[in-house]
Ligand code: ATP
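In structure tokens, one chain follows: the form predicted on its own.
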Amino acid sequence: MGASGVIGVFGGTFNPIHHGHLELAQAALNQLGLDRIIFIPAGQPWLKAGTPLAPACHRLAMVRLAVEGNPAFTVSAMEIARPGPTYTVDTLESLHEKLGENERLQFLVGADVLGDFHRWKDPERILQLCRLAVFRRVNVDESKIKEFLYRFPNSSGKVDVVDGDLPDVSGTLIREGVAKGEPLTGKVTGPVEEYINRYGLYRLNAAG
């Protein structure tokens, strides 16, 4: 797809942001020709209600540190500033109000979350507000994408696939590792590692 003039939107808890997030964003930027990508840390993600998160101010600060120096990556605190549960559809509506209805948006998701898309607030409206950039791990996620297209026929022609192999890292593994005193080298950027150590994040609760 020739996506000149399209802004990527990358939401998530970023608990914490790691190299996998950054590589996914860079792959989308390169493969879809996006102008820039806005990282939007979630405030209170309703699908993860009850799951302990590092305070929003820390997650936001880590995202800002992680993308520093990349002019194509920006950060928005709009979901953290919004009271109540975080819903993607509200974020996309707000972005259109802020950027203008003519601004095209591409929402970045991993193929692994498509199975829950029907549980999101107003999924059909989401598909009206943006295109989806779905990250597909090579030889792994093809069936998940096909199931999604079958469940949401209106998404036909609105899904762009981003291919790649992400590093074997996840927020859960990082939190568990920090709780055990394991090093973060190679999993997060240097500034994020320093931040986690400085504030003692994830040390007492591997799920936080």
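One rule holds for the numbers: they count along the sequence shown, beginning at 1. These figures come from a predicted structure and were not determined experimentally.
Below, we turn to the form predicted in complex with adenosine-5'-triphosphate, even though it does not appear here.
In the predicted complex, none of the heavy atoms of Pro55 sits within 4.5 Å of a heavy atom of adenosine-5'-triphosphate.
Taking the partner from elsewhere, Ile196 is found to have every heavy atom lying beyond 4.5 Å of adenosine-5'-triphosphate in the predicted complex. Leu166 belongs to the set of residues with a heavy atom inside 4.5 Å of adenosine-5'-triphosphate in the predicted complex. Under a 4.5 angstroms non-hydrogen atom cutoff, adenosine-5'-triphosphate in the predicted complex has Leu24 among its neighbouring residues. Contact with adenosine-5'-triphosphate in the predicted complex, defined as a heavy atom within 4.5 Å, holds for exactly one of Asn70, Ser156, Asn30, Ser170, namely Ser170. Heavy atoms within 4.5 Å of adenosine-5'-triphosphate in the predicted complex are found in exactly one of 91 to 99, 73 to 81, 121 to 129, 107 to 115, that being 107 to 115.
No residues of 71 to 87 lie near adenosine-5'-triphosphate in the predicted complex, the criterion being any heavy atom within 4.5 Å.
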